[in-house]
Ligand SMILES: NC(=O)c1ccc[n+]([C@@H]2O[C@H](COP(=O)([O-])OP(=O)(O)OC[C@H]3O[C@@H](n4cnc5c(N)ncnc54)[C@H](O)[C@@H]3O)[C@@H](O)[C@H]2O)c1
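What follows is a single chain, given as structure tokens, in the form predicted on its own.
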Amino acid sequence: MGRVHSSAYRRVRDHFPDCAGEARLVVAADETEARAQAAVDQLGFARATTDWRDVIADPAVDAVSITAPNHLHREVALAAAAAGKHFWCEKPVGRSAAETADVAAAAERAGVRTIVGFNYRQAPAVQHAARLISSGALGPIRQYRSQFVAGYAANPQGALSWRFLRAAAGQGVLGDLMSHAADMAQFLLGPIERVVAHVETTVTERPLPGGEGTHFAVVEGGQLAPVENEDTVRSVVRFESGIAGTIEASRVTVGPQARYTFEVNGERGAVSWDFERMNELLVYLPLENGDSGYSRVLMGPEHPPYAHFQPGAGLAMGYDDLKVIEASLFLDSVVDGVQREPGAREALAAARVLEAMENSGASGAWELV
């Protein structure tokens, strides 16, 4: 993710020439010296260090990207805020709602600007869906359903990376994918008020990693150790508006690779989106001739911010483009002082939903957010 952020900063000027800010890549930190040096040789940083504290202390640094494992997010973010340095942090901002609340409060006290990596809400199709919902085109909303399911950990031989350990990651799929799902739901339909959830760990043991690697790495015949957090969550949610919905998240579902979807059903119309077909939005608005059913709408220059990336409909945008949008929002916020969304405040709103889901998994009852 550090590579993705670095590339996004470099690309902002190409896609958003009117962006108020322009990033200089000053210093990168990685605990592994070879990766730190690669940030200079490959990514364009002026220098590198193996201690993240050197980044915070550097007087040439105005803003920080936090792309470390989850257990470092709070510590780095609090240090950045104390130093008056703005930060773009990957999700989850904290391993718990309490840690996220600490970060949000520190950013507020320090007056620093933040952006959090809920990148899926930046897709032009999602933005278009939000406009259709808020405009009333779908009529009063009746129900919401969402899946954020993937198979990156479906193989039981997938290495026991830090993502599967409570001390390093905190929550499992709640923090990894459900955080996106909770943010998406609240972006589209407003605050979630209460939840009831079933939380489980399907793959209970994994082989220890054989060195450096990611949560996609597979280890054949390795020594097994316990998985310490959940990999599947199924929930029913009720929004403050009274709308009911379902949200499911899994990292062990065989078949889908990145099925991150939502469907919003109103009294007169509906919208449906799937990240695996990121540049399409299914829209149902009944026609006067009686025809009905979803229509496939391809994103084009008339669906902001698509025109910043492609000149015509059908020319696909990709995942990394969403991070360029985030980078532009972050740089604009740093320069003009206006907080964009999603920031630490929205991260805390999502974290409170995740906490309620985890509590419900233990209690078996509805939990207030």
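The model shown is predicted, which means the values in this text are computed figures rather than measured ones. For every residue, the number given is its place in the sequence shown, counted from 1.
There is another form of this protein, the form predicted in complex with this ligand, and it is not shown here; the text below is about that form.
Trainee: By the heavy atom within 4.5 Å rule, which residue out of Ala225, Ala130, Ala101, Leu72 makes contact with this ligand in the model of the complex?
Mentor: Contact residue from the list: Leu72.
Trainee: So which of Glu248, Asp183, Glu230, Glu90 gets a non-hydrogen atom within 4.5 Å of this ligand in the model of the complex?
Mentor: It is Glu90.
Trainee: Quick check on Thr67: any heavy atom within 4.5 Å of this ligand in the model of the complex?
Mentor: Result yes; Thr67 sits at the interface with this ligand in the model of the complex.
Trainee: Counting only non-hydrogen atoms and a 4.5 angstroms cut-off, does Phe262 reach this ligand in the model of the complex?
Mentor: No - in the model of the complex, heavy atoms of Phe262 and this ligand never come within 4.5 Å of each other.
Trainee: How about Gln42: is it within 4.5 Å of this ligand in the model of the complex, going by heavy atoms?
Mentor: No, Gln42 stays farther than 4.5 Å from this ligand in the model of the complex.
Trainee: Is Arg35 close enough to touch this ligand in the model of the complex, meaning at least one heavy atom pair within 4.5 Å?
Mentor: Because a heavy atom of Arg35 falls inside 4.5 Å of this ligand in the model of the complex, the answer is yes.
Trainee: Would you point out which of 186-194, 239-247, 90-98, 254-262 contains residues with a non-hydrogen atom within 4.5 Å of this ligand in the model of the complex?
Mentor: So the stretch in question is 90-98.
Trainee: Could you run down 322-339 and flag each residue that has a heavy atom within 4.5 Å of this ligand in the model of the complex?
Mentor: Read in sequence order, the lone residue that approaches this ligand (within 4.5 Å, in the model of the complex) is Lys323.
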